[in-house]
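Given as structure tokens, the chain that follows is alone and in the form predicted alone.
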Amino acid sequence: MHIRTWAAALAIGISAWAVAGAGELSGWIAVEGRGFLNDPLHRGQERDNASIAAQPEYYHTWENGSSFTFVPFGRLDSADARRTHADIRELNYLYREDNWFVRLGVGKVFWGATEFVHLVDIINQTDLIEHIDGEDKLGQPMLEFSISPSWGTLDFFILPYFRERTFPGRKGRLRTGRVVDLDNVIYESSSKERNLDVALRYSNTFGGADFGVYVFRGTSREPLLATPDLVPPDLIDPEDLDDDKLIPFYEQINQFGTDVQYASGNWLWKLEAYWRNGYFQDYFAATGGVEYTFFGVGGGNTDIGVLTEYAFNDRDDGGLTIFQNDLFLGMRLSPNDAAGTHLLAGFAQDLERSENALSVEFTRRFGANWRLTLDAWFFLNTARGSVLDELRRDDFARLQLAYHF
């Protein structure tokens, strides 16, 4: 989001906050350190980094059920200037009636069911410099209309402004050898970031199954990182490209997708899938799997879940997706204690190349306000020339201590 647009949104948020009057103020402020096990692979990278981040949230609701939400976010990073950034995660007014509502402003919407890969979550752009797991999202300007008659829920979205994906800068870790050039982004749409995107989703619940189907038309949230051999020749002259940089190219797409989650006893089945038509080849992608939970292990309160998922993608145009034929194994530990302790470990194996990676995430609350999060990623084996191979020296551990208020 451009600085002037961001400043205008912030001013609107503060003004609306003042007009709304008394409400609920919550949020968190955190200090974070990331330590890497090896020296950097690419020129210009700093070895480790520390940062401070904050995300307050103001929420006000009126007697008629309408509400106002304002969630700014900011981070100050010691190493990567791009990771020092701010965003409006949410700034919206919601008007509600008995079985429908309208939301206008900047919002966040999540679609999906699986644990390791989120294929169908397309409304919000990924804030990739926050974490490589892709779960942090930028706020999306939107007009949302939702209605819930007896036969399900229909959600309709008008998305008037596109948010570009964030990437690490030259000093940042967890990047490719070529830095992504954010000053020369290419759009297939002549309207660029002001292309009008639309989405429609139907969701319902039958027995133990929750499912949704949707159609999206607009700017893809996944950029192709163009190199001289991949650049769209009708949009840019390959000779204008910098050999040291990657140019994000955002194509126009039509995407039809679904997500399903079915619970039966200790079993939880999950599926996400879509078919996409765009500038390059049409393709199909899917991920799904099952989780089995052992409740009350040893007669106590601890639950242990074991899960396996598989991801498939038949695209061969050089996109960012690295999950084309991959198997995931995981274990979730939940003691169900007052501190909200949670542990999730995952192992990913590429079934075509000898690539694999391991991730561990642990979180626990201390007292009423403090939460400690520790997560670590290890790129165990990588194949020469792959995207993951560019991260082969970026094994890291991240420790975050957050104060919630």
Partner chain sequence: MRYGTCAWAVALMALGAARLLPAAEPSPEERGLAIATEADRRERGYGDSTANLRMVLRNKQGQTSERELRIRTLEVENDGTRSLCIFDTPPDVKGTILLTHAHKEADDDQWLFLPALRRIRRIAAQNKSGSFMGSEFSYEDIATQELGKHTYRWLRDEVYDGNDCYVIERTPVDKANSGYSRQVAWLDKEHYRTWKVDYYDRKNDLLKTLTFKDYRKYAERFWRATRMDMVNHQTGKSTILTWSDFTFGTGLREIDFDRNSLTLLR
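Fair warning: this is a prediction, and the values are worked out from it, not measured in the lab. Residue numbers count along the first chain shown, from 1.
Quick note: we don't show the form predicted in complex with the partner chain, though the next part is all about it.
Interface residue among 281, 266, 254, 184, judged by heavy atoms within 4.5 Å of the partner chain in the predicted bound form: 266. 148 is the sole member of 324, 308, 84, 148 with a non-hydrogen atom within 4.5 Å of the partner chain in the predicted bound form. With a 4.5 Å cutoff on heavy atoms, residue 26 counts as touching the partner chain in the predicted bound form.
When the partner chain is considered in the predicted bound form, residue 261 lines it closely, a heavy atom lying within 4.5 Å. In the predicted bound form, the partner chain stays beyond 4.5 Å of every heavy atom belonging to residue 163. Shown alone here, residue 114 lies within 4.5 Å of the partner chain in the predicted bound form, counting heavy atoms only. Segments offered: 172-180, 105-113, 245-253, 282-290. Contacting the partner chain in the predicted bound form at heavy atom distances within 4.5 Å is 105-113.
Residues of 127-157 that come within 4.5 Å of the partner chain in the predicted bound form, judged by any heavy atom, are 135, 148, 153 in sequence order.
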